[in-house]
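A lone chain, given as structure tokens: the form predicted alone.
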């Protein structure tokens, strides 16, 4: 027996590994199974490349057993390459020195490319001390006759002594802490393996004792062995081998959705950055799509080992409806959430995956009926990308859809542009809460008369996103809710009308005082006497309401512009009114009914009703 001190500042480093590196204790089993998978992969490589090792028996397996009566020990064994006493010192006695990393450095060419080796930092093994008071590692190196046992409590030193082992490979025995007995239970072990190691390329077999019956004479038991991982990782298989049913079955297995997905996107990337994605778009939006604390739908794997399904940075937030798998060979297995969010490799994968999703959506958009099915569920989320994802804004602008006053079905901005009237220089839209209300808005009267189409923006997010875009393919995008949108409609005839009605405008301004920012002649009205619009740099009524709902009380001070129709009979007759009280009532009513038409609220409803009654009384008295 020989006693050794751990190299490096072991107490501090072990304490960091045990208490800070991993967020969940159950990770230790993932690490041990990953190490076992590495050992099997190493042996498989050596039996193919080394003359000395070609005669070594290759019977790859990982076995797990436990003391199910006392729940004091948990044992993980493999039939991999194993270790001798020197390896035990180098790989387990020196923290942060990974045997796998050294092994990878010695591999060349396609052998390195095809390897499924996982561990790259050399610290995963020590996670076992999160749940163990003592650990024994019994190992025999392939091609050698002697076996050795490594023992440590994970504090300051370890011991190595001769041992007996019938076959090559490694056995790790954990003596569990008193409050960690749950890890010596069949169902807990199976749960962890299926969660983290279900897709590693070697079978994981759980050995346990099943009670068949029990009476006063005692229990009748039966030894059972059961493979608890699926071994295959569907996303790693070539697309040519997979059928639609394979993809759909896998989707349901990872989402628990009862329906097939709308579509899947399967990508294998090779080169400087190697990763695989298998992503799905569901048919229906998840219930928490617009919750702040939504559950992300993409699982991160590293070399087929599960890392997390709770990381919102794997894809942009506006693609949170995506479900599926991202598997990378280039990320460290024990990467933390904070490091993951800042990792350049992950950022590149995220960027490439986002572009691929948007590209596939462009292809889907060619099938109008199917794209409409998608857009009804996820269009609002997609619009968020216009605000947040500037690098992909052009792609997203081609994907968003709107209805319009000339179209009851969705159209794209490109379709709108192609149908613009000759001489039209602007993409027009109107924003509000209900489609029917927008279609009947007084603001659209002149556009309908001139046969100019106007897009209908009914999602709240439109009023935040669309103004931030500004242009589409160098064409300005303007809201008809804004004062300057009608400038293109103005003619010399309208300018003459302004001069003719200027005295009445001054009177109306005097009556409304600080209720409005300005009073102007409208060129957008045909049938209605008045409307309200926002100044070109001010928020619309709908935007103000939304901002107030979000706690932005400063929006209450923004005043609209009142526009009046000089050709309407009410306005014409107002010129002749000499009763200041009646003029005041009518001026205020013109303003207030225009506010109501735009979905706004009249602040003083009692005063509104009183003015209305006065005007009605005056009308029936004459």
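Residue numbers count along the first chain shown, from 1. Source: prediction; values computed, not measured.
As for the form predicted in complex with a small molecule, it is not shown, yet the points below apply to it.
If you check the small molecule in the model of the complex, you find a heavy atom from every one of 36, 39 and 83 within 4.5 Å. Remark: residue 91 counts among the residues lining the small molecule in the model of the complex, judged by a heavy atom distance of 4.5 Å or less.
Contact annotation: residue 303 falls outside 4.5 Å of the small molecule in the model of the complex, judged by heavy atom distances.
Although the partner is absent here, residue 124 is a contact residue: one of its heavy atoms lies within 4.5 angstroms of the small molecule in the model of the complex. The shortest heavy atom separation between residue 277 and the small molecule in the model of the complex exceeds 4.5 Å.
Checking 83 to 91, 366 to 374, 401 to 409, 478 to 486 against the small molecule in the model of the complex, the stretch whose residues place heavy atoms within 4.5 Å of it is 83 to 91. The partner is absent here, but in the model of the complex a heavy atom of 170, alone among 170, 152, 197, 463, sits within 4.5 Å of the small molecule. A shift of at least 3 angstroms pushes the Cα atoms of residue 301 and residue 32 further from each other in the model of the complex than in the displayed structure.
Between residue 61 and residue 254, the Cα distance is smaller in the model of the complex than in this structure, by no less than 3 angstroms.
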